[in-house]
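The chain below stands alone and is given as structure tokens, in the form predicted alone.
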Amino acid sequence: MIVILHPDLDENSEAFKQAWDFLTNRPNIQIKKHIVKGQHQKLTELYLIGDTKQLNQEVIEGLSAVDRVVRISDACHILGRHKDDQRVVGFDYNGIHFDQDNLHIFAGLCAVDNREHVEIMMRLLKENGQSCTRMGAYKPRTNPYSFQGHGKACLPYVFELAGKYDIKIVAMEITHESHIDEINECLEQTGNPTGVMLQVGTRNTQNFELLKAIGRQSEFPVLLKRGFGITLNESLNAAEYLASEGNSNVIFCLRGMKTSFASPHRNMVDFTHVPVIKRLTRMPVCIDPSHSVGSREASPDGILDVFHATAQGVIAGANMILADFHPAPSKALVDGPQALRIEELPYFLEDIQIAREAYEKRCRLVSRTT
């Protein structure tokens, strides 16, 4: 059960204290409090866990602090959509709004290799009107002898250059909870020139202790990649781990499924699940065409497979795109064969706009027929 209090309610008010005292005295019930900051207001949501069937919904709704009560029936208590659920969808971070209606592009380096390439990429993004990027500092690899990323050594110049070129958010994968502190400390040392979106890679989707640690911090939003060998429901439960610890600013990323049927692509593209996730949850949905396709092969029409996959996700309603670019793909330390060339960025952005306009036309069409 979710008890949603009136917007902007002061927790020191008598109304809040009355509701809190009433709910905390119910037997066999635990309460988790979540603060949801929307574009125009702040909401306090109380998640009641335990024997909620014994609770009288009408009595709770009669408390002066309570706006409405939502009964839940599935495992995604916090991030899921429920009957009569009108909770806030989306969040704001560092001047950028994320929800299930808009679209943001995070093009950049899969793995940071040197300052020169970072600056080339960020300058190009600014020239093309982009304010977000991806920059990999910590790289989990299947082979223990492969490049593992520069780690905290590259953070100062990544953040400094992001500020120089007005990049608002850098998506960055982490593999250990200590990386949160390293990122936070470096941001402070460099004067907080940008924001960071913590990325949970597909290998760590079920690293529950890491998920709990990330969920306990509320400074950074989270991009959670779907586990490459588990069900969609299991990956959604991983997202719920983050929210259950307090951080519900989560974006769910589809990055392809590992299967023998994926060939010749790196993974089986799963972008048909974009509308499914939006229907089941309140999370914005990201697609990662680079790691889904994993190559620069083109079809007879001359369009790269990664462009086709991107368009498929966008036309299905994706809200974020994570794409690999590199100034010199042949010299990239990670996933060079799949990286797009920097001169292809304008074309990539225009192609995305075409697909987005098609999606918006589809939405207008259905609104006229329902």
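Residue numbers here begin at 1 and follow the sequence given. Just so it is clear, the model here is predicted, and its values are computed rather than measured.
Below, we refer to the form predicted in complex with a small molecule, which is not included among the displayed structures.
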query	finding
Contact at K32, H77 and N247 by the small molecule in the predicted bound form, all three, heavy atom at most 4.5 Å	no
Single option in C110, V293, V170, I174 placed near the small molecule in the predicted bound form, where near means a heavy atom within 4.5 Å	C110
The single option of H150, R203, H104, H265 touching the small molecule in the predicted bound form, heavy atom within 4.5 Å	R203
The small molecule in the predicted bound form: contacting segment from 283-291, 142-150, 232-240, 183-191, heavy atom within 4.5 Å	283-291
The small molecule contact in the predicted bound form: L322, any heavy atom under 4.5 Å	yes
